[in-house]
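The data below hold one chain only, encoded as structure tokens and taken in the form predicted on its own.
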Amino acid sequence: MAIISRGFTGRRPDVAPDRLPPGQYITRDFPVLSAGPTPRIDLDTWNFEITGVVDEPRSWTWGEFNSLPMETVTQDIHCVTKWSKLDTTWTGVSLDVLLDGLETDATHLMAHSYGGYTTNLPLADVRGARSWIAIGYDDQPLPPEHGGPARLLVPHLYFWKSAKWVRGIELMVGDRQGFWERNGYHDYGDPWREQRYWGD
């Protein structure tokens, strides 16, 4: 059985061309797609950490994380399986806040999730108000099926880069492929360039 899906199909609605990448279709639903089962995560033992090539590793418990500066953002999201959902509203902590003052020579990061999922990103793509660790969706706690209690949110890339159930980021000098990248998905994943799979 193939592990790569060529995606959903549907009618392409009339939207501003700068909001819907090529090959995508709008959905009002929020499809649930995961590489494995939804993990059970106890908030009493949850923590988020920054490790790897860093002057001093950082770590937050659930309570400590919730005391960090939160913001609410509205973003369009685009799945590699061709659905897009517009105007999604998230609450979370910017990666700019988490990385503030940290000294590193890293060029990339690996996001690590409860359940073992990984995905890689250039460090530049999570800075500059471009990514968050989201703990809320649509003014409610983030549901487990959508990555709760916390997920990475990197809306300018295909949504597999927004790792569910995130537990930390590992800073790296150089790139290393994560789960889907090793299994046929593009290393970067820009929806506007249709970087879905190897060779795109």
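All residue numbers are counted from 1 along the displayed sequence. The shown structure was predicted, so the numbers you read here are calculated from the model rather than taken from an experiment.
What comes next is about the form predicted in complex with a small molecule, which is not displayed.
> Could you tell me if Cys79 has a non-hydrogen atom within 4.5 Å of the small molecule in the model of the complex?
Taking the distances in the model of the complex, the answer for Cys79 is yes, it comes within 4.5 Å of the small molecule.
> Report whether the minimum heavy atom distance between Trp132 and the small molecule in the model of the complex is within 4.5 Å.
It does not: once the small molecule is placed as it appears in the model of the complex, Trp132 has no heavy atom within 4.5 Å of it.
> Is there a heavy atom of Ala163 no more than 4.5 Å from a heavy atom of the small molecule in the model of the complex?
Contact check for Ala163: yes, within 4.5 Å of the small molecule in the model of the complex.
> So in the model of the complex, does any heavy atom of Gly63 sit within 4.5 Å of the small molecule?
Contact with the small molecule, no.
> Using a 4.5 Å heavy atom cut-off, indicate which stretch of 48-56, 151-159, 168-176, 63-71 touches the small molecule in the model of the complex.
Contact-bearing stretch, as computed: 151-159.
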